[in-house]
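The chain that follows stands alone, in the form predicted alone, written as structure tokens.
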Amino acid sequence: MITVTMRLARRVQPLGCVLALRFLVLVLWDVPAAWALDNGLATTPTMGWLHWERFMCNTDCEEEPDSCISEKLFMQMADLMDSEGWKEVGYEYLCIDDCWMAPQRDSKGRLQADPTRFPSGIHYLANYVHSKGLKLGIYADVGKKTCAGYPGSFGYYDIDAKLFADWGVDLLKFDGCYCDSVEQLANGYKHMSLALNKTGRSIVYSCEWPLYMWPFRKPNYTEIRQYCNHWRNTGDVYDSWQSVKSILNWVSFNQKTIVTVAGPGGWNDPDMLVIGNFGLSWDQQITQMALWAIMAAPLLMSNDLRHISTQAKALLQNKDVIAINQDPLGKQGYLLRKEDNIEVWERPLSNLAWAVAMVNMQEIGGPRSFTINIASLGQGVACNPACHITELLPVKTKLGFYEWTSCLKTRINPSGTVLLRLESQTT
């Protein structure tokens, strides 16, 4: 959601060298990441569903009863997450975004759900979601108002944290509109983090702190990681290829700053998956899924699970791709290189495996052939001396056994991606 006031505006090497490098990489991977928020949560990227991109701030339940922000919508989504296999593959959090509130707090200063659209209240909804084996996320804002103009949490951090805990909330998305200064913004995010922990309830803390900080100064990601489980860096994703591309471009341009800070307990959040909606071609949907896995991003879908295609559902529930996203090593991937509009991204995985994504950013013409030296992948160690390579996307295919000195040739559709998993053969 984008409104702003400061008010903050929003919205190749010899074999001996390679073996030595392999040992060095393993040693460095054992070094703990920066100290993270100590709430024991988000040890792998959060997975779930979030209403914003698909349903936005639709509060007109008379004209659009099936797409307005209401308890009915969330109960229907909870039913589908339970019955259609989403929960089983890891999509656990059902998250409410902006526009759930009544326009005013109650007489005791507490937030209220809109009584018409959420007549049973958030505590009831949380119990319903929990009965389905899922967890409930909710939205609030660090400033004086939410981005859509509902009551903000400024001055009420402790009250709101206790209320969310009492309701049984499991995740808080904390936006950053309507702050008067970057100091107020930072202090508010810290205060709410401490207030949530003080409740004694396990509540994942999703921040937008760096997004609102970037226009004024470079965020201190080490500090942000100490308070947040994941954090947004870029503006809202739209249901368009241009939007997805802009996020990937921002991440690759800033990867030296953001990649090393990510890890178990704290993740960079490039925003929602818009797979299954209207704006992306099939190849572009593959690209978003593949790159969000490479980036160790929270997988928070924003779509209509009542009307999703079988193809999009299969992509979002692809266990091999989810396994890359949820890999317990917890290292974020990065852009290795770009040449002639082909981007090569890679990510280290547990058990010496690697994920590699080759993206054809050219949007004219047909599929393009691309050949890559195996020795150039995985910091030179992924296939030393050899590896098994499996293509996971677009179609799962066992490509076979490759030696370190060999090459891999593939074809990539315009704005599409080929996602590979490389399994090391050390003997």
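Everything numeric here is computed off the predicted structure, so don't read it as measured data. All residue numbers are counted from 1 along the displayed sequence.
One more form of this protein, predicted in complex with a small molecule, exists but is not displayed; see below.
Enquirer: Considering the small molecule in the predicted complex, which of 97, 346, 170, 160 comes within 4.5 Å of it through any heavy atom?
Expert: Flagged contact: 97.
Enquirer: Taking the small molecule in the predicted complex as the reference, which of 236, 283, 327, 114 has a non-hydrogen atom within 4.5 Å?
Expert: Contact check passes for 236.
Enquirer: Residue 49 versus the small molecule, in the predicted complex: is there a non-hydrogen atom within 4.5 Å?
Expert: The answer is no: residue 49 has no heavy atom within 4.5 Å of the small molecule.
Enquirer: Given that the partner is absent here, does residue 225 sit within 4.5 Å of the small molecule in the predicted complex, heavy atoms only?
Expert: No.
Enquirer: In the predicted complex, is there a heavy atom of the small molecule that lies within 4.5 Å of any heavy atom of residue 185, even though the partner is absent here?
Expert: No - in the predicted complex, heavy atoms of residue 185 and the small molecule never come within 4.5 Å of each other.
Enquirer: So, residue 122 and the small molecule: in the predicted complex, are they within 4.5 Å at any heavy atom pair?
Expert: Heavy-atom contact with the small molecule at 4.5 Å: absent for residue 122.
Enquirer: Picking from 85 to 93, 205 to 213, 190 to 198, 239 to 247, which part of the chain touches the small molecule in the predicted complex when contact means heavy atoms within 4.5 Å?
Expert: Flagged stretch: 205 to 213.
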